[in-house]
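For reference, the chain that follows is the form predicted on its own, supplied as structure tokens.
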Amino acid sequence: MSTAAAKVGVNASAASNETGYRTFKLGSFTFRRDEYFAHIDWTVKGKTMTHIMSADAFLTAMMRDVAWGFFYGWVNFDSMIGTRNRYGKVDMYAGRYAPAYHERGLDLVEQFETPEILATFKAILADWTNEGFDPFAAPEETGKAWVGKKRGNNDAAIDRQRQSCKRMPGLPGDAELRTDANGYPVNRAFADVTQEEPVVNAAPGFENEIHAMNLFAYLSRSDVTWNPSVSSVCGRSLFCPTTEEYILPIKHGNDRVEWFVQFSDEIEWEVEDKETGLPRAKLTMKPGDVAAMPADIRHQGFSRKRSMLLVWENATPELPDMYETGKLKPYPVEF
């Protein structure tokens, strides 16, 4: 168990059973793992409810939730369980957005201080991630989550810090571009991406005020998937580009409008109603396409070939309340 987890009192057993994985408790929730599956239990109306997920799907979803700091709004691990960011506190829910459970009162929502739930999730990741498995990487680049009983760990992968710039990579005091020298080679899918950097000819006296970078080169060296890095900040406008391959491990429920700009290849998106999960739309984004994901949906992406996507976020703190109270419509434009 990590030091951070111990400080907030993570409730974890010793080895949970013959498989060697620990069992964790968070409020009324219990998290168990065996060779293949993650089990999430909660008690409601005197009954113990159990939800089951494949171990790899659970770990890749939890990895994003932790790395993103619970992100904007909802992080649905699947149609049953997930978290909602209250910005200082976090809701953990089971069945709340699954109508068959919610309508019968079999769902549960509990709220936790962010450090408590974050430490618990980190402890689960540390114990349940076996050696060779990287819940941040594409399937071709990682081992299997299913290796039978508990075997080793991969702390280097789960402790990875995502890039978060204050202005733009390459500027003094901000993140440097990924290079072979600092351990980030060009990804196998982007061997054809030029690594040349733009030439800036500044007028005398403006040498320190003009900067340019090759964003495609920056992204070509990403060793993770579905993990937006903050590559530029202008006020509360954040450019968060990312590389995508296989399946977005979560269904992201928006609490603000989120803009997507497809840089390369293709992503197929399934869009559902945020509250009920009912289908709303399907779309395929190709290079140059721009889409606005509304504030009242959840979405999940599928990318057969590793692609580049710009996620454009508005980090204005008041937005979730403005959308929830109807002060803003959930979409940016009416046609």
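Sequential numbering from 1, following the sequence displayed. Owing to the predicted nature of the structure, the values given are computational and were not obtained by experimental measurement.
Note that the form predicted together with ligand PHB isn't included here; everything after this is about it.
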Margin query: Can you work out which of Asp127, Asp134, Asp255, Glu244 has a heavy atom no more than 4.5 Å from ligand PHB in the predicted complex?
Written below: Glu244
Next item on the list: Go through Phe263, Tyr184, Phe239, Phe71 and name the one with a heavy atom inside 4.5 Å of ligand PHB in the predicted complex.
Entry: Phe71
Next item on the list: Please run the contact check for Gly95 against ligand PHB in the predicted complex: heavy atoms, 4.5 angstroms, yes or no?
Entry: no
Next item on the list: Examine Trp269 and determine whether its closest non-hydrogen atom to ligand PHB in the predicted complex is within 4.5 angstroms.
Entry: yes
Note to self: How about Leu309 - does it come within 4.5 Å of ligand PHB in the predicted complex, if we only consider non-hydrogen atoms?
What the structure shows: yes
Next item on the list: Report whether the minimum heavy atom distance between Phe77 and ligand PHB in the predicted complex is within 4.5 Å.
Entry: no
Next item on the list: Considering ligand PHB in the predicted complex, find the one stretch among 95-103, 220-228, 202-210, 136-144 with heavy atoms no farther than 4.5 Å from it.
Entry: 220-228
